[in-house]
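Just the one chain here, laid out as structure tokens, in the form predicted alone.
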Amino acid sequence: MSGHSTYLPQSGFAKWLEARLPIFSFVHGSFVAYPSPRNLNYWWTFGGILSLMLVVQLLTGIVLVMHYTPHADMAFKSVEALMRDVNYGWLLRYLHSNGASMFFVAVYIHMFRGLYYGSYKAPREVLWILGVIIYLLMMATGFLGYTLPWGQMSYWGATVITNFFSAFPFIGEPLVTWLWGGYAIGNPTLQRFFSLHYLLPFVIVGAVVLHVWALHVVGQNNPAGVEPRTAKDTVPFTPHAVTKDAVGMSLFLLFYCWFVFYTPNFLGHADNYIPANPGVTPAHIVPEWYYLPFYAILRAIPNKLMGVIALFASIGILAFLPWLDTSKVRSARYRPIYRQLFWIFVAVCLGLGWLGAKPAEGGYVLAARVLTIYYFAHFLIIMPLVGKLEKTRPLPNSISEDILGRKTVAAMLVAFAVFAAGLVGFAAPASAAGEHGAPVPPSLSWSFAGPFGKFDKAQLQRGFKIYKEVCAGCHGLGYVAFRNLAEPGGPGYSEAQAAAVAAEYNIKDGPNDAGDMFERPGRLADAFPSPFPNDNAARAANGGALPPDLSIIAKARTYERGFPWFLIDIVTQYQEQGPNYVTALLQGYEDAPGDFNLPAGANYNKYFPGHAIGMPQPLSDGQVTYEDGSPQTLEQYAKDVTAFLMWTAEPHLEARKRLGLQVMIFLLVLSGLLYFTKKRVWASAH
């Protein structure tokens, strides 16, 4: 189906190369003169969007690898160092982590479009199967990449998922041991996962090349589901399809950049900002949102082996769609019964995704079982029967009779909005507060909230004062350097003031020429030292509890705001659950109720999950003196130190939002220009 190339080399070099390697005529025939159906709608742009996202993931991944250390003791630190100390390292990390989610958003829309319009039917069976293979490779690559930051959810997600292979008889245990590189997840596991994560994207590129090759052999499907018959049914790929795809890509980039610059952690999990701890299991282990429907299917089956089989079968069954669908008509436009059942199936998939994020208990398990049964019934029972029994509508005589109308465009936009709302609904992170009967922290107003939010420098300086006088006795800031205090977007200290702060600390260094360790005054390049030489000393001084490092605590804590707030938060860019929780926790100390069994040495806090917290109340009215006249109250102290901890967790927040505004304005203007260019190009085709 490649177009007849009319390319004629002009220069001597081009003629010489064309005679020996006709690459220019190949590109011209495949991507310029290639005949594209005239009636393709914007759902077809997601093929181009996926190509764009693959390039983004490859480029950002290659640069990230240059700064990543694949070692269990250093992986988490290397990621934080990248975010903080590498020029625009935060941008590369957020582009890559959110790019994975956007990749799956695009691939799910691409797959659902194929299901709706019957793009798996003859003669496109191999094209569809290659797409399923690419999807499997994407799932493997995404899982491996999720483990690399070596945070709590990365570690325990990898533990749970790899343990499922132990369900296979005879080979299960040796297979898990081989995956782990030992008898528990550790450094060998991380290193082999890193190697595979770096390798598989290039395998995906090879599979994509085959996918595009197969597409150019059999030609593109179209909304009508009829093959091109005359030259009037097609238009050259360039400029027609290129300009339409460019509009779709630009709009998708707006959606993508909204997450990158304004809600970069919304689709992730707060526990992944906690270093991996094999001794502490998270209350609720969940994979990334794009695996949740299959995770729900796996947990819906009470037998472990059958659950694993159902998991793989739920993906593998997609490859058999060309033979499971018995209808002679491709497009659901002309299949009234199947069209309704298709949208029911979409709702079932979204429901499974939502259930996958819920605890495997009670009604959630029952609902997951019902939806799992329907999921398989859709492919094994409904599609074969409906294909034989359904009375379809008459097909158009040709593609030229099926030019897309405005109502369909509007319907597609609504459908995309519903799909996006559904994915963020079950992508919302699990709660760190609000569990075990804990009340939801109040939503506060922060200066750094919103698209134009900035840190209040005076508040950051007050918060730093509280940290030094109250918190520093137990908690370190191991990822924050003294020089950061004088950097733009921070508390606004001068370099001399930051150096003076550093000099107040003694830093262990060495060995010296005699081979001995020694202490010296801190320098600007040093990080804030821990108040304890090691974790055991910290536990011994705190009744067995380990005080966490506070560098990232504002991003490592969250809670669910519930429906419909999780949708509103996407639009309003509200990402302050962590600061809300920390502020509420500092003010949440109370006397334990009479019926509450408070462990010895613990303190009652109404906002802490489980209510029993080892840390005694750290702040009280009048405890710290403010020179600027601000209220010296517990409420003010809590807000000030939390704002400071938000800065330590996200020191480039102001730069991120400032750059985000510039990028969004550029993309809006670009989208408008591309749209009008597309209208001009397509004027003659319509």
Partner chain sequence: MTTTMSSAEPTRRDFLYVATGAVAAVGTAAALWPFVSQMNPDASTVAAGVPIEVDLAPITEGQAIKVFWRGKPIFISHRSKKEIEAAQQVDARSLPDPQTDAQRVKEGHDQWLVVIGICTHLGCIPIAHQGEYDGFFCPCHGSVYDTSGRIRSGPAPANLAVPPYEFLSDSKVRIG
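Positions refer to the first chain, counted from 1. Keep in mind that what you see is a predicted model, and the values were worked out from it rather than measured.
The same protein has a further form, the form predicted together with the partner chain, not shown here; the description that follows concerns it.
- None of 30-38, 641-649, 615-623, 59-67 except one has non-hydrogen atoms within 4.5 angstroms of the partner chain in the predicted bound form; the exception is 59-67.
- Using a 4.5 angstroms heavy atom cutoff to the partner chain in the predicted bound form, all of 87, 673 and 681 count as contacting.
- Put simply, residue 485 is far from the partner chain in the predicted bound form: not one heavy atom of it is within 4.5 Å.
- Looking at residue 666, you'd find a heavy atom of it within 4.5 angstroms of the partner chain in the predicted bound form.
- At a distance threshold of 4.5 angstroms between non-hydrogen atoms, residue 25 is out of contact with the partner chain in the predicted bound form.
- Put simply, residue 585 is far from the partner chain in the predicted bound form: not one heavy atom of it is within 4.5 Å.
- Scanning 540, 385, 199, 525 against the partner chain in the predicted bound form with a 4.5 Å heavy atom cut-off leaves one residue, 525.
- Contact with the partner chain in the predicted bound form, judged by any heavy atom within 4.5 Å, is made by just one of 179, 92, 570, 471: 92.
- Heavy atoms closer than or equal to 4.5 Å to the partner chain in the predicted bound form belong, across 526-550, to no residue whatsoever.
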